[in-house]
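We begin with a single chain expressed as structure tokens, specifically the form predicted on its own.
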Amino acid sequence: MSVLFAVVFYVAALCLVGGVGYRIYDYARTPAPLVIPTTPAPTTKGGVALRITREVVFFESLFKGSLWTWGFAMLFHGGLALVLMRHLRYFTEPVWGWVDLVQPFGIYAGMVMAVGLLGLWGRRLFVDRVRYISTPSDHLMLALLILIAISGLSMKFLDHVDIIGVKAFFLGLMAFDWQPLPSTNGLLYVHLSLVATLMIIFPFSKLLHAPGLFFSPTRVMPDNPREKRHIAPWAAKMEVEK
């Protein structure tokens, strides 16, 4: 099982890094021939940077569109961020000081994350207009994330895991010095399998929406067509050739 999970996580890491890198490259090379910021939009690059920051940190447009969806999304993303920070202890030695500080809050963050996911799933199940446009993959992604949260919390409250052994396993993977994975905890195997599945499918699913925000013309373009003429790179190249 240790060898199997080692190979699986190497493959998952390659899929995650390579897939996300390719998607970002694909976003970057997509033509943006028109200035089409969503108004009211900032007219300077500094204003655009501030707008993107508000969007990434506070989900500003979602707040304006649906307060309930914004609330559940903040619970999920905030809880997820804290859970990921807590899990850094498995990949660092010695553990960074600020990672130690967040350890007591990680379990509560996992609970908050699960509540946010259940709320978002309920939205897809019970809101007519959202249920109409939801696809099976939308439900499967939410189910996968909820199962990851539940299996992680279960290892805290139902079947404790040897975290020292788990840390040794992942540090060994990073150093290409494979170490045995604790073999007495079935929940650990379930949790790791679900996480590896998420890593593999993440770059090819709707879950990869954050990088796209930084390449969206409606968000990253200043509203200055009168002050500055926008020429797409391919159009500028054609003008030079003429």
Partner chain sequence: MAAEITAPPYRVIPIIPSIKPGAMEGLKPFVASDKIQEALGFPGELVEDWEERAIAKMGELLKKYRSLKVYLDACVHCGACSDKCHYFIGTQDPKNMPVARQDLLRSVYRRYFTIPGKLFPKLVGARDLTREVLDEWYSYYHQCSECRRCSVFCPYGIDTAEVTMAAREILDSVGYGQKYANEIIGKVHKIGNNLGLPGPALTDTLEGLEEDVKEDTGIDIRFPLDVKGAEVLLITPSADFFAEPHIDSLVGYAKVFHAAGISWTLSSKASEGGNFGLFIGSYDQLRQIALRIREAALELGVKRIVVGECGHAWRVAYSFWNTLTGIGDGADPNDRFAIQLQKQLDQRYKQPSHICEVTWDLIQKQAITLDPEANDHYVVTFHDSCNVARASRMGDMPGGQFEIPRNIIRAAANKFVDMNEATIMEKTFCCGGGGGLLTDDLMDLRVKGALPRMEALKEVVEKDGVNFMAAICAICKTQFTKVLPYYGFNMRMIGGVHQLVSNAIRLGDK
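Note that the coordinates shown come from a computational prediction; the quantities given were computed from them, not determined experimentally. Take the two forms, find the largest set of C-alpha atoms that superpose within 1.5 Å, and that set is the rigid core. Numbering follows the first chain given and starts at 1.
From this point on, the text means the form predicted in complex with the partner chain, which you will not see here.
Only one of 198, 48, 62, 190 lies close to the partner chain in the predicted complex, with a heavy atom inside 4.5 Å, and it is 62. Put simply, residue 186 is far from the partner chain in the predicted complex: not one heavy atom of it is within 4.5 Å. Put simply, residue 31 is close to the partner chain in the predicted complex: some heavy atom of it is within 4.5 Å. In the predicted complex, none of the heavy atoms of residue 182 sits within 4.5 Å of a heavy atom of the partner chain. Although the partner is absent here, residue 177 sits far enough away that none of its heavy atoms falls within 4.5 Å of the partner chain in the predicted complex.
Residues placing heavy atoms within 4.5 Å of the partner chain in the predicted complex fall in a single listed stretch, namely 129 to 137, out of 164 to 172, 92 to 100, 151 to 159, 129 to 137.
In the predicted complex, the residues of 12 to 39 lying within 4.5 Å of the partner chain by at least one heavy atom are, in order, 23, 26, 27, 28, 30, 31, 32, 33, 34, 35, 36, 37, 38, 39.
If you fit the rigid core between the shown form and the other one, you'll see the Cα of residue 225 move by 2 angstroms or more.
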